[in-house]
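Single chain ahead, written as structure tokens, the form predicted alone.
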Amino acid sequence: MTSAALPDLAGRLHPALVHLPIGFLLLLALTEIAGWLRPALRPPPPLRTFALAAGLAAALAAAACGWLLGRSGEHEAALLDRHRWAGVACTALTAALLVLRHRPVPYALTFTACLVTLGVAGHLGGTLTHGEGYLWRAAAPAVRPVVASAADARVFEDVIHPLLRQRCIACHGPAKSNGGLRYDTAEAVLRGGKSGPLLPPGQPAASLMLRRLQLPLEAKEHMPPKGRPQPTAAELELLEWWLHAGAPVRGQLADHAAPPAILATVTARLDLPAAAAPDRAALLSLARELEARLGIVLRPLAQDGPWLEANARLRGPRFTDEHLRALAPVAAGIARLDLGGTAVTDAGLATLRAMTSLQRLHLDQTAVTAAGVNQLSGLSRLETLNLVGTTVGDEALPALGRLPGLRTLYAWNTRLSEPALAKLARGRQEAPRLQQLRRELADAEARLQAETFTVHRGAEAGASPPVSPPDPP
């Protein structure tokens, strides 16, 4: 360690040292109050002297370390100055108490002033560390935006900013702004910090926030730091969508084509009622009518539940965009759709936007191009996509990347290049939500290993007994 690093190390001791004078003074105050109520409990003069002397020494050490810590430039200057001088005043009053300890009235008045100053200094210190209003934030009633649905929620004020306040503002707010980065206003968020803007123009993947969220938990620059509450997989997905959408701070979720998975996450975060599943009886009645009229297979996937499987492959080129649009009345219930070998085109795929429950889609051997794949961007539950034998090329890569639920892609005999597919696969594996799930899985495996129970019944005949593991240090 270099000598230049010693002041920084000493400054970082302030959070630990500052509790010592608080403890000494509060304990002495309690004994003084008890002695005032019952003289037999009054602290003896040597104990009072010791408590005040120890409190003064600890206050001097904490104040010195706090002064060094404040040189980092990560805190709001005016608030830091108030906290500093409140700490100095508390230290001076502690010294005065030591001098006045044998004079009851001045001692009592000075002790009262010291405790008030101690409370002010503590409150300002908590504000520096945890942000404005930390002390009474828990007592304040939760304020939820009055919206009818997630699509009506304001993208920044109702969705993104509450998440940033919950996870980030303690280190990036008006009181403390590590790296010059603040998340208390939309303008400050977009401005970024010392390392550049939040979102470089046209480069959502280059966002500093996204890169630091993707770092391993043990990495020094991982955000939030190890030891602080980490965002959930759903919250990471929400931030990732926002950044890839260009970090908008105006408008509602519906204005930015938020996919159903994002709407579902927001619905849960805002405690909004979830959308009801389609009515099974009504849906099956419509399905039977359409099956007979269109000449396709349109059957329920299970004996219970409204979800349908639609198969138009047997109609081949006789099944057109017009027939696909005829499925609109049952679109909300279709979970599997096979359009392989049909005459559907990019224009007809606009009907699929209403199939929000779609999980499997076959478009093989059709005239669909990258323009048609762009029509699928709202299908957040789509897990399997078959593009075999189409002319879909690398220009479809951004649209494929916007399918958060996609797990299997059939791309044989297409114009998608190997580098493009490798880039798509790499991006999916490095998504923040997957990294968070891997961390949660590793933690669960570690806890499972710690709870493993084994029984040793002794050695078999003629075998050496097992060697006991060494005792833990």
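Residue numbers run from 1 along the displayed sequence. Here the structure is a predicted model, which means the values were calculated and not measured.
Heads up, the form predicted in complex with heme C isn't pictured, but that's what we're talking about next.
Asker: Of these, Met223, Val344, Ala153, Ala396, which has a heavy atom no more than 4.5 Å from heme C in the model of the complex?
Answerer: For this set of options, the contacting one is Met223.
Asker: I need to confirm a contact call. Of Leu128, Ile334, Cys168, Leu352, which residue comes within 4.5 Å of heme C in the model of the complex, counting heavy atoms only?
Answerer: Filtering the options by heavy-atom distance leaves Cys168.
Asker: Is there any non-hydrogen atom of Ser195 lying within 4.5 Å of heme C in the model of the complex?
Answerer: Yes, Ser195 is a contact residue.
Asker: Does heme C come within 4.5 Å of any heavy atom of Met209 in the model of the complex?
Answerer: Met209: yes, in contact with heme C in the model of the complex.
Asker: So in the model of the complex, is heme C close enough to Leu213 to count as touching (4.5 Å, heavy atoms)?
Answerer: Contact check for Leu213: yes, within 4.5 Å of heme C in the model of the complex.
Asker: Is it the case that Asn178, even though its partner is missing from this view, gets within 4.5 Å of heme C in the model of the complex, heavy atoms only?
Answerer: Flag for Asn178 set to yes.
Asker: Taking heme C in the model of the complex, would His172, Tyr183 and Arg228 all count as contacting it (heavy atom within 4.5 Å)?
Answerer: Yes.
Asker: Which of 364 to 372, 260 to 268, 187 to 195, 344 to 352 has heavy atoms within 4.5 Å of heme C in the model of the complex?
Answerer: Result of the contact check: 187 to 195.
Asker: Can you tell me which residues in 385 to 415 come within 4.5 angstroms of heme C in the model of the complex, by heavy atoms?
Answerer: Not one residue comes within 4.5 Å of the partner.
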